[in-house]
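Just the one chain here, laid out as structure tokens, in the form predicted on its own.
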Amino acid sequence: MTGSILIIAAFMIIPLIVGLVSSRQSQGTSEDFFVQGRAMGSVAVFFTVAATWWSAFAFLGSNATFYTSGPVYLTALAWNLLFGFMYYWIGKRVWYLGKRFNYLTPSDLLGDFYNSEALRVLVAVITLVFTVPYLQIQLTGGAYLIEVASGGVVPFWLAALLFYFIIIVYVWVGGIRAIAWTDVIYGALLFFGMMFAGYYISSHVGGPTELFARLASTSPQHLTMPGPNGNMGYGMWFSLFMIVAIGAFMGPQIWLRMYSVKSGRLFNLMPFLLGLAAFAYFGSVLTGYTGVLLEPSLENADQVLPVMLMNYAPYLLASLIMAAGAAAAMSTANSQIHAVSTVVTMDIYQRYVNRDASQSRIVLVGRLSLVGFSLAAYILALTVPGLLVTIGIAALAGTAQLIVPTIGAITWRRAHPMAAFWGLIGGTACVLWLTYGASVSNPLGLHAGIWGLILNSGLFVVLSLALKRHDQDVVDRFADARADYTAEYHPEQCDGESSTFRRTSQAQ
């Protein structure tokens, strides 16, 4: 048992070393601390996006969902493709605008395009409010692993405290550069950990083929929708496909990774690479379903993977795979802590409190924000229990609402600030009401996030068509930027783009 703890501790100490080494390259500027001077290369980009995208939600929560709810989580294979496509199509345009107009946060782009301070503040509030619960589940997942690995010797509260202490230290020292390089290590560990854990654990029931044969005879409802509880049908399948991919993609931690990329051409490979990485979820299928056969009465489904590793795998192997789980949680938590601190520093402190702050002062405020939000997530983890997937999807449903004004900003001249503002208000209010206030949380089997997107999109389109913008200089500035983007990366579309531009201008 002591050996298990030492192995996990060793993997958690690695980022401390990486943080210290990477800090030697730091420039001492806010742009370097928050987006690595917009010079992140291809290897770091892929692994930090993949490791940030995957989390305790994926590593522990996916096993738990197959264990409790059947096949609905197989939609993860599809939502990885959707995430990769969005990173290429939307992310590349966001990156271009960020580089051209020097953006650091989601509020920078949306506040600038819509020329609205109210919208800028609203976007900052949404990113903060809905990211903290998602941060909470990383802490919870990492602490679960340490608690189980220690046999309860290290209690949950202490494990969570140690977990965040380490993250704060190396993010404080190295900023996003330290995060990116630790993600290279942990991303690889996470992928192979998920795959191998599932294959190894299923060997205790005769391998994958025998596993499915036995499951078909003893618990066939785990192989078909709507699952053993009868509440995970095709509506929820579609909801997860949309909400998880869009919500994670719109999280501030992914925005920072769009702005950090060195070249626009690095976006082109992401759909293929992220789609390929999605095959790791087959490991979760095998783990969750084997748990149904061997450990059918677990009180906490999120612990199915660590419990089975401790009961059915050799001590060294179990420790290594749980280290991969801790990596999953840590690689996302570090990015989220860093992202929310960036939002607080740039969108609130630098813009409304101290516009003339020095670069060293901005970086210091960013570091202090790391500590503040870590403390908030720690308190939530201790006081608000819940299944990792349930908490995670509720948080993602909120950030997913940002996709509507974002698509408007990168594609549509008529997108109106009032439409973006009231669309976001309507969408997030719908999510909160259906999640916490309504008697039916999933009307027609669709998650609250889908209903929020429908209301949000409807308000956005109708109000944009009904209202007319009067800040033509801003609209034209972005139209020029979009035209330059098309000329540089999609020259074959230039004639069409110009024609569309002229037609729209004449119409107005």
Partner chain sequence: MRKTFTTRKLVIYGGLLLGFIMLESPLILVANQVEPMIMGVPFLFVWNLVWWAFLTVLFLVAYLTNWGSKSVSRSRRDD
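Fair warning: this is a prediction, and the values are worked out from it, not measured in the lab. Residue numbers count along the first chain shown, from 1.
Omitted here: the form predicted together with the partner chain. The next part is about that form.
Proximity of Y88, N268 and H490 to the partner chain in the predicted bound form is complete: all three residues have a non-hydrogen atom within 4.5 angstroms. Checking 169-177, 198-206, 371-379, 258-266 against the partner chain in the predicted bound form, the stretch whose residues place heavy atoms within 4.5 Å of it is 258-266. The partner chain in the predicted bound form comes within 4.5 Å of a heavy atom belonging to L82. The closest non-hydrogen atom of L20 lies beyond 4.5 Å of the partner chain in the predicted bound form. In the predicted bound form, the partner chain stays beyond 4.5 Å of every heavy atom belonging to F101. Looking at C494, you'd find a heavy atom of it within 4.5 angstroms of the partner chain in the predicted bound form.
Checked against the partner chain in the predicted bound form, the residues P133, P228, G426, P71 give one hit for a heavy atom within 4.5 Å, which is P71. Among the residues F192, W157, Y352, F272, the one placing a heavy atom within 4.5 Å of the partner chain in the predicted bound form is F272. Contacts of stretch 273-294 with the partner chain in the predicted bound form, defined by any heavy atom lying within 4.5 Å, are made by G275, L276, A278, F279, F282, V285, Y289, listed in sequence order.
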